[in-house]
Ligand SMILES: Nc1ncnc2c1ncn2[C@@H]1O[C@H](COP(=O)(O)OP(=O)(O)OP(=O)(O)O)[C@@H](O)[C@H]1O
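Next comes just one chain, in structure tokens: the form predicted on its own.
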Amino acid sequence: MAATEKVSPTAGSTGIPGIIGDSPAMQEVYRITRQVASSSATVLLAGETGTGKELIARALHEFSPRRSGPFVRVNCGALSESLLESELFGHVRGAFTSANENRTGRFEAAHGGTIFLDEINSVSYTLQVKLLRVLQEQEFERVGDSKTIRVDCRVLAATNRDLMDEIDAGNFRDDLYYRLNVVPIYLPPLRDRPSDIPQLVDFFLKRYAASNKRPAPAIMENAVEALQSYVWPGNVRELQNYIERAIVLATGNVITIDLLPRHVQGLAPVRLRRNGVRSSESLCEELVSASMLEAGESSSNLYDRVVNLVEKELFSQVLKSCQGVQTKAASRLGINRNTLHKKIDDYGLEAADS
């Protein structure tokens, strides 16, 4: 989705250097990013995995007065609670068994710059209290120490879950959410901006052709159409992988549709079940089955059965495409969350707690 070079502001540009896509959804992301970058406000980046949250976080830093300071990224989902606490705040020698020396935490390392807390939704409830204090007071203590340390750093956070649903489930503090959510920026999934796919494809074709020391190939129109029709559960990262694969497998200077995975071509719908998307063929078969009236069944009963079947499938697929996040699913369906809750119960669907 983005080039590897450092992002830098460009006067008069509506986009962000290094980030590809000029769809209306991305233009809105660029507008908000540029507008808030120069402030010191905390920003919460929301979006599915692979939508480019870290790229926007880096752009917020590079466009800010803190650009000469450090940009420190912490993947909160990659560490246990105890390790994450030490990673964020540091520790003193003897604080725990393996603490053989003093260690500076990421907040200290980000002094004068920006700290990016990725996967903030995975932070334990206990550790959220300490994060809230840093956000409010800009101070903390290292693990095992009583000395208070003050820092001056801007906090950016990212989540791939709906934090309001996490709050309802008792997994996330509402006071921390409101402190993080000063300026929210939503990164749209790739399936919601198919017009950006040709640009992304062109970029990745050139990148991986160069890395494989071969000319950048052309790509057949039907291959691009297949890419634009696919649901992209892995978003831009998944697209990137498939283009690299096509480059490696291609024997000529043209990327043909057969070089794409079968499920992207639409030839292997069962593969999509790994992301909860049911094939249209499977649904049609069940509808045909439902249309075979048993003796004495009225047409009104048949109508109700078919409508319920279609509605259940619609709700199921939208929930899966939203990773079970009910607030997002309700918004996409154009209904309120109470109605969605009832439908989930009526049809026995699976969804994230809310």
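Because the structure is predicted, anything quoted here is derived from the model rather than measured. Start at 1 and count along the sequence shown; that's the residue number.
The protein also exists as the form predicted in complex with the ligand; that form is not presented, and the subsequent description refers to it.
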### Message
The chain here is shown without the ligand. Which stretch in 162 to 170, 130 to 138, 236 to 244, 82 to 90 comes within 4.5 angstroms of it in the predicted complex, by heavy atom distance?
### Response
236 to 244
### Message
Just to confirm, with a 4.5 Å cut-off on non-hydrogen atoms, which of Y177, Y230, F71, F203 contacts the ligand in the predicted complex?
### Response
F203
### Query
Pick from E54, D304, E28, E311: which residue has any heavy atom within 4.5 angstroms of the ligand in the predicted complex?
E54
### Query
With a 4.5 Å heavy atom cut-off, would you call S39 a contact of the ligand in the predicted complex?
no
### Message
Please determine whether E48 contacts the ligand in the predicted complex, using a 4.5 Å cut-off between heavy atoms.
### Response
yes
### Query
Is there a heavy atom of A330 lying 4.5 Å or less from a heavy atom of the ligand in the predicted complex?
no
### L340: touches the ligand in the predicted complex, heavy atom cutoff 4.5 angstroms
no
#### Entry: Stretch 19 to 44 - residues with a heavy atom within 4.5 Å of the ligand in the predicted complex
I19, I20, M26
